[in-house]
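Take a look at this single chain, the form predicted on its own, given in C-alpha cells.
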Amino acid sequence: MATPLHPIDQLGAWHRIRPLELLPWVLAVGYYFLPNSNLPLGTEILTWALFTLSLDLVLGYTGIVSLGHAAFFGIGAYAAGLVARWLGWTEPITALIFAGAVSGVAGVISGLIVLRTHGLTLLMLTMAVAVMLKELANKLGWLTGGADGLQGIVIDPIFGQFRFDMFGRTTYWYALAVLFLAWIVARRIVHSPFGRSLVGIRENATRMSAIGSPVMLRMVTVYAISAAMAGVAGALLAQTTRYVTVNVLSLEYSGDVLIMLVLGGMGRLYGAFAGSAVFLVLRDELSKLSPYYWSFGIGLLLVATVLFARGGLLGIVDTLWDRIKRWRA
C-alpha cells in the first residue's frame, strides 16, 4: 500500500502544472505566427494581463478591495521612464526589476496605513493614494512631463541583441516572457500554505486571527507583492511604448483593471488572462464602430457577467464543462 502524502506534499502534488494550464501560453505563442496579427495590441493585452493578475492576488484571493491599484502601476511606469530619461538607465531588464522594487516598497508603506481600515474607508483610502500621486506627477511637470507626458525614453536592445522594432515583434516576446515568470510566481504563491491562509483571511479574518495567523503581516506582504507586480506591468508599458502619461495613475486605469478581473473571474489566476483579452479586443473592435460610445458595449457585457456569471467568463466555462461531464456520465 502506498504511503499517504503529508498534507503539504499533497498540496504541491495536486497543484503541479497540468496540460490544460498551458493552453493560454500555446494560444499566445500561436497568435504571434498568425498572418496580420496585431502585435502591439497583443503586447498591450499581455501587459494588462499582468496588471490584472496583480490585482487578483489582493482582491480575488485576499479580499482586499482597492480602487487605487493604478497607483502602483503608475509608480512602476514612472520609475522605469524617469531612470531611462534622466539617468540614462536604458537596460530594460534591470530597470524592470528596479521599478518593481520601488512599487513594492510603496506597497509596504501604503499597506501599513490603509490595511488597518476596512470596508468603505479602505476603498476611499486606496483611491485617495492614486489621486494624490496623479496630482503630484502633474505638479512635477518639469520632471515627469506633466499633462504632456514623459517623452524621449530610450530603451536598449534586450541582452544587447533584440531591438524594439516598430512592428512590435520584440516587445511581444518580451511582455510574454515577463508575464509567464509573474504567473509562475503568482501560481506558486496561491497554491502554497501562505496562499491558503490568504483565502482564509478573505473568508474570515477574525477567525484566522483567533487561530494565531498573523493576519496584518500577511495582508501587508501580499499587498507589497501585488504592488511590485503591478509596478513591473507599469514599467513594461513604459518600455514597450516609450512614453508615460499621468493617466497611468488615473482612476480610469484602476476601474479598467477591476472590470477586467470581474469579467475574467476573480480568484482564478487565469481570469486575468481571459478578462484582459476580452476587454481590450472588444474595446478595439467597438471603438472602430463608435469612437465615443464603445464603453457602452463594455458596460453591457459587465452587467451581464455580474448578473448571470458570478464566476466571470471562466465560471461559464466551468459550468458548461460540468454539464458535459454529467451528460457523458
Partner chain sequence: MPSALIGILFDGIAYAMILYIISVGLSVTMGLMGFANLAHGAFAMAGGYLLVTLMAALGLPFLASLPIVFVVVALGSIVFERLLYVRLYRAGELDQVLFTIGLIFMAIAATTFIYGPLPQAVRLPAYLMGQVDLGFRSFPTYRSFLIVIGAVLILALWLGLERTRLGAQVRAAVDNRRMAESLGINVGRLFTTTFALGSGLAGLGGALGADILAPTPSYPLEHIVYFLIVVSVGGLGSIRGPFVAALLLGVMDTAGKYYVPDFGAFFIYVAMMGLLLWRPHGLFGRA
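Positions refer to the first chain, counted from 1. Computed from a predicted structure; not experimentally measured. Under this definition, the rigid core comprises the largest set of C-alpha atoms superposing within 1.5 Å between the forms.
Although it is not shown, the form predicted together with the partner chain is what the next lines describe.
- The candidate spot formed by Leu120, Val129 and Val262 lies fully in contact with the partner chain in the predicted complex, as each residue has a heavy atom within 4.5 Å of it.
- Contact with the partner chain in the predicted complex, judged as any non-hydrogen atom within 4.5 angstroms, is confined among 295 to 303, 39 to 47, 24 to 32, 280 to 288 to 295 to 303.
- Contact with the partner chain in the predicted complex, judged by any heavy atom within 4.5 Å, is made by just one of Asp148, Glu135, Glu203, Asp165: Glu135.
- This chain appears without its partner; in the predicted complex, the one residue of Ile153, Leu251, Met208, Ile225 with a heavy atom within 4.5 Å of the partner chain is Leu251.
- Although the partner is absent from this view, Ile17 stays clear of the partner chain in the predicted complex, with no non-hydrogen atom inside 4.5 angstroms.
- In the predicted complex, the partner chain lies within 4.5 Å of some heavy atom of Leu59.
- Using a 4.5 angstroms limit between non-hydrogen atoms, Ile113 touches the partner chain in the predicted complex.
- Although the partner is absent here, Leu320 is not a contact residue: none of its heavy atoms lies within 4.5 angstroms of the partner chain in the predicted complex.
- Fitting the two forms on the rigid core leaves the C-alpha of Pro291 displaced by at least 2 angstroms between the shown form and the other one.
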